[in-house]
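Same chain, two forms, each on its own as structure tokens: structure 1, then structure 2.
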Structure 1
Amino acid sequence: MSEVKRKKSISRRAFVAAAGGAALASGMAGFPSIVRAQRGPVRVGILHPVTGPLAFSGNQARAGAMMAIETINEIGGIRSMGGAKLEPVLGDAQSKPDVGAAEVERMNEAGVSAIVGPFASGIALATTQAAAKHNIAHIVDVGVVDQVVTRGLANTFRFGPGLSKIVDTAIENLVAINDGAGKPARTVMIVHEESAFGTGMSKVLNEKLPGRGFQIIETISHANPTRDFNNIVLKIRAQRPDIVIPSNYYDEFVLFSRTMAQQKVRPKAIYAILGGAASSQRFVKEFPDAAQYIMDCNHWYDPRNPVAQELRKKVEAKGLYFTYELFLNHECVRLLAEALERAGTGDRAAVIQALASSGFANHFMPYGPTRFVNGQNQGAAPVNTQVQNREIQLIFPKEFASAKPVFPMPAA
């Protein structure tokens, strides 16, 4: 066997062993084959809220990023840089924007080439601005508010869809679901947390839903964290909306949904948009009765993709949940690795240029190829899910659907 063939064979075996299967290998392979002299590691900031109210989501996000880094390093690192390894510089935003910004300053001192994170919109507004001061590429994993990418920050790249795209898709799908059932729903109540995420969601819904034939009875905001939803649910019981749209993070979403179930308040639909728990296997496993029939328009993966299937097995074998925080960060790190391969350097300006010209298509999201315009991935799109019989099913778009929507929600 020639030396070149021997190296390729070792690389392939190492990849399969690291990734957990041939399917994952085929999904993450395809790096340039030219190998240069090995250089030092490329430092990458992994920044999430791993303590505080958003800790569950932050730790899931960190786990996804770390799994991608480990696999990339085990299969040969950044080959155009001589097999340079990715070296994570971990940061904890503590669920606070100012702490997130301070962590960016620390990562700048550590010499990171790019930052991935930081999950929450309010934190992202602060961290992307802080990173821009130092010309550090910042790949935003979730952080859906539109302002994250509408401020003209050349260093900011959001891989997933933004709020306007998600809300527009959610409304279109809600109209289609309602029309398909004979239009039984007309009235809506919105319940949202008070940070940039929930407030932004509420604003867009109040602007757009009336024009699509829905009457908004009331919009209710709540603190984050909130530990008692009884009064809010009593208001919903009294006003009897056809649809309740909650916009909050994981803990609050779970408590709100459980309170709805406990008080036996059953509208025609609980229709979440970026529901903090609505598309989470953890919620479905721990509180199946409260989760049943909840719909959500959210980030999701292509369940038909063998790479995603293999990664989910690996994640669950570790005792983790395959949530959108985890798999979005996994793919964001792969997006960065692809950009580093093309850049051939960890130089910050070169990394920004490589991301700006990205055509990353070798992902397992239900997206088209990655194409950034003003920092927003034009190929990104949300999907609709619904919890049916303790499973999260895709119900829209039809080309990805694993089940039909159940609407209206059956009586208890």
Structure 2
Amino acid sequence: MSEVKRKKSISRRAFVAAAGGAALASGMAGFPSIVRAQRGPVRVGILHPVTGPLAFSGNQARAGAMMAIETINEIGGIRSMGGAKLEPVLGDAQSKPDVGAAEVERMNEAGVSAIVGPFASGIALATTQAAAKHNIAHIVDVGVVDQVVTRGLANTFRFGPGLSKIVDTAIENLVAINDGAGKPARTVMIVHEESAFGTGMSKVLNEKLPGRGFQIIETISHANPTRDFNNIVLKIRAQRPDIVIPSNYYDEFVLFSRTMAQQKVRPKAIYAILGGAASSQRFVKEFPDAAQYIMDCNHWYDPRNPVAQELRKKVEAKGLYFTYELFLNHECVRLLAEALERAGTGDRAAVIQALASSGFANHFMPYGPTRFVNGQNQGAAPVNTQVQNREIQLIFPKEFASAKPVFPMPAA
């Protein structure tokens, strides 16, 4: 990854020196702002929290975006612009919204045509707003909180699904899986982390699940970090829910599912929503027994797509894991490249217009063609996966499935 960066991105040193110099030269003397170069590469801001608490996700996301840029440049860049190459301008939001917004300013000075990032919803709210000021297209890679795209910012596009869509799909699929097995499950316990996505998810679940024939026994919110999950698992054991729905970050998910295994608690299903395990090969590899049969409703790629399969091989050859942060960012960059191809220019307004009319269909997500309404990709949806014998299988919806759901979980 670092090799790619060194070769393809402009060095930050050169850029800041240039920006600073420009500020002094043009700014102090009262010249108009720097005129962006009309020829040459198209600059793209790649903005993620690569340090701080969200660093793992941020680095995965950056890797995905960089690999897409590398591939696009290898196969000839943006053809309608005479083969112009994409040139990443890297930014680190340090897991803080104010730093993210400052990085947008930096990218603006660097003359980026668009920004891809910044993984977390809290940061996305700040960066989309900052980018809107400069009319820079901002493709939100993950940032699932609904408000990221409902504030009427014309520059903001979210390729992946928002929280409401994810939870709605999760409920539909849960009902379908349960019906398909002859309705063995009726009671549910929810274990969620206390920040935006876990709390938001549990709220929607509590509103909607009772109407779909499920009884919620208890909803447990826990802190990040939670150091010990024994209490939560003890409560689960005492109340014997048919289904446990966890929604938390990777670290807590590891401790939680490990404690479930240690305490020998086996509900009929562990059905995660935006959970750690079933969407992380690392977890499956390190704890195959604890991960077995865990289901997850999350971002996932179309497993039958050859581009995705090849990318996965490439990612794993680099010693990285093929996680949703990585492939979503990969596809966000391709979405942008396709828009640039149609726009034929790196001009910001034209890029926004091209994205707004995007019909990008050549991606490897299980979405269908891209269509943005108020900045949200209408086709975007999560899917259900299940860990089956050390492999993460897509089990729902049927048209993309690589395996059948195993439900209820067989006795150990």
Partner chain sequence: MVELQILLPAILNGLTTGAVYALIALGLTLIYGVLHIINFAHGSLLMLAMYAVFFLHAGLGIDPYLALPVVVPGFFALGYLLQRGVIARASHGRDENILLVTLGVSIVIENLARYFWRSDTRTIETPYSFETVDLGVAFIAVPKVVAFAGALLVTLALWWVMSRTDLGRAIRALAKERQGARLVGIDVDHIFAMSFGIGTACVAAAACLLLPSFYVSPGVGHTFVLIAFTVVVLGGMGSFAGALIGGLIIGVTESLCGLYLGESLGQIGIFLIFIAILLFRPTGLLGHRA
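As the structure is a prediction and not an experimental result, all values here were calculated from the model. Here, a residue number simply tells you its place in the sequence of structure 1, counted from 1.
Only structure 1 of the pair represents the form predicted alone. Both A269 and L209 are carried by the same rigid part as the chain changes shape between structures 1 and 2. Rigid-body rotation of the smaller part against the larger part between structures 1 and 2 amounts to 12 degrees, from C-alpha fits.
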